[in-house]
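Given next, in structure tokens, is a single chain: the form predicted on its own.
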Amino acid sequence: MLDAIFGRLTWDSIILVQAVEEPNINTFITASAAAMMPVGGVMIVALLTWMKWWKPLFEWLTSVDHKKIGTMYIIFAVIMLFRGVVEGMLMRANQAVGLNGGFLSSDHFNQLFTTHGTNMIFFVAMPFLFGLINIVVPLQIGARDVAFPRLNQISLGLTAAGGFLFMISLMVGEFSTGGWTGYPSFTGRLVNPGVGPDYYILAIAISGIGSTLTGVNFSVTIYKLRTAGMSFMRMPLFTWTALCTSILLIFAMPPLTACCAMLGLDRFLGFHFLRTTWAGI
């Protein structure tokens, strides 16, 4: 029963346990990052309780106002940006002192490279852009809100859920070492059998669904909710950019999500959708 729930995730996969069993510079860095997660969570809960912000927070999280949702997208992107900056600084510092191999192991450097690229694309750049579009486009085209306000809230929740899984990888297990593009065979079960790629697959798949719904929402909003007299040739340039971005999301994210599902089935259930083995294995 536990194997069906946790899969390859074991007690030894917890970063703090690894730091105790194998103390070195790499486990010290990862354990420090892992320790910041519960410490930061306790500090946030204490701040919300002290300032009595629980009710306003609940109102914001349940709001379908496009301006509030856009603001939460941007806040989420800024929070994830801090992680991306720290990871980038670690990689650059390792390269700066890397004449004798650096202070990071090759495996740890590959994890940082993968998580940094994944984070900056899927959980910083895209949410920040979604936030700007949410705030600006309805105002520019004269709409009261987006076409599907509740779907807009669900899309934010899916993106945040993917980011939460992404952050959990700091505490439990190692992240993928297959690069932020996640190409097989680098992320296949035989080449990379640990729990790391599982976080990558789940985080990208969940956030990919949210991004697809966001693209549909924005495109329908621009097509159907323009104010009277605003033809396509009279739309602001930012709205045109948002429309092109939305169309790209509709065409690009479903195949990416489907590939994540196929890779997940290859890893979890032994399917053979993708070539996930090296020649000769």
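Nothing here was measured: the structure is a model prediction, and the numbers come from that model. In this text, residue numbers run from 1 along the sequence as written.
This next part talks about the form predicted together with a small molecule, which is not shown.
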Note to self: Would you classify Met89 as touching the small molecule in the predicted complex, given a 4.5 Å non-hydrogen atom cut-off?
What the structure shows: yes
Note to self: Is Val172 part of the interface with the small molecule in the predicted complex - any heavy atom within 4.5 Å?
What the structure shows: no
Notebook entry, point to check: Going by a heavy atom distance of 4.5 Å, is Trp180 a contact of the small molecule in the predicted complex?
Noted result: yes
Next item on the list: Give a yes/no on whether His116 approaches the small molecule to within 4.5 Å in the predicted complex, heavy atoms considered.
Entry: yes
Margin query: Quick check on this chain: which one of Ala147, Ala161, Leu132, Val85 has a heavy atom within 4.5 Å of the small molecule in the predicted complex?
Written below: Val85
Margin query: Give me the residue from Met72, Met120, Ile206, Ile141 that has a heavy atom within 4.5 Å of the small molecule in the predicted complex.
Written below: Met120
Next item on the list: Pick the stretch from 161-169, 89-97, 148-156, 189-197 whose residues have a heavy atom within 4.5 Å of the small molecule in the predicted complex.
Entry: 89-97
